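What follows is a single chain, given as structure tokens, in the form predicted on its own.
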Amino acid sequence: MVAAKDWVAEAEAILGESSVRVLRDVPLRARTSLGVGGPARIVLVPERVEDLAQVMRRLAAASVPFDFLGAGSNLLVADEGPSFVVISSQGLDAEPVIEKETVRVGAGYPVPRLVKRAASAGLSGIEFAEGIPGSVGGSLRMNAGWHEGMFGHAVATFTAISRRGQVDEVVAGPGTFEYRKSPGVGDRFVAAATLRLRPEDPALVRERMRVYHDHRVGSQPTGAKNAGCIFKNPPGGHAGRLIDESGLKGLAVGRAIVSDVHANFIVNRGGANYGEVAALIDRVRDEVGRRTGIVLETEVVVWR
């Protein structure tokens, strides 16, 4: 890997010959739902898979580090910002192509908007995700979900780019998706996905969306800055319940606080920094472990 002081210069030399749009010194606190994070020195915003694949190939050959950014809805970023090139999916956001029960959509398309588009087309299968504030690519990579379903269940195929720039159309099958992770994706960039949904009366789909929406609003801190669930549910249990039963609702470190609405959410009360959130995560994990013997595993992605 290129030394920390050299990776920016190496990346700039490569990107100077590329048609991929480049943003510089982008404050990631404005691109994460938690509202925490320092500047990304270089952010790539590709609009064409072929262009991105070529850039990734050259970055990998030069040992320039990079990672992938969706909507930033489950991301905690260090205050100094990431020490690597950030590749954003936001430019891959063209309107979905709907043909009968199949939906082809880019990685940067917002999931809540996709759910509404599917409902209008009389398609069912992803309405449980109406309140997930992520992108298609991020939701596929994390196999985002709620009690009633997981995003991976609707995925038929997806376009993935390896870190060395190889583009593959992957057919989803057994083992592609697991709880809150996607082994079939691996360490690849998701550029697009094809979903296979079910035809249904749009009114019935919208009614289920309304029920899910109302339940979320009543059970999650939807109006506050947060990164969704901080911890994965342990086998046979619920992280939020364990945290609540450990008496940790309202526990705070600086401007970061465990939500009193849902204990598996940490809320930024305004001005929280990475150190405060990270310290609060550690305190919650330690206390739940001490009381129950269960070591909670983080669901939120951390960029240091």
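As the structure is a prediction and not an experimental result, all values here were calculated from the model. All residue numbers refer to positions in the sequence shown, first residue = 1.
The same protein has a further form, the form predicted in complex with a small molecule, not shown here; the description that follows concerns it.
Novice: To test your reading of this chain, name the stretch in 186-194, 91-99, 222-230, 164-172 whose heavy atoms come within 4.5 Å of the small molecule in the predicted complex.
Specialist: In the other structure, the partner sits against 222-230.
Novice: My question is simply whether residue 68 lines the interface with the small molecule in the predicted complex - judged by any non-hydrogen atom within 4.5 Å.
Specialist: Flag for residue 68 set to no.
Novice: Contact between residue 180 and the small molecule in the predicted complex at 4.5 Å, heavy atoms?
Specialist: Yes - in the predicted complex, heavy atoms of residue 180 and the small molecule come within 4.5 Å of each other.
Novice: Answer for residue 198 alone: is it within 4.5 Å of the small molecule in the predicted complex, judged on heavy atom distances?
Specialist: No, residue 198 sits far enough from the small molecule in the predicted complex that none of its heavy atoms falls within 4.5 Å.
Novice: Please check if residue 122 has a heavy atom lying within 4.5 Å of any heavy atom of the small molecule in the predicted complex.
Specialist: Contact check for residue 122: no, nothing within 4.5 Å of the small molecule in the predicted complex.
Novice: Quick one: from 263, 256, 36, 55, grab the residue that has a heavy atom within 4.5 Å of the small molecule in the predicted complex.
Specialist: Spelling it out, the residue with a heavy atom inside the cut-off is 263.
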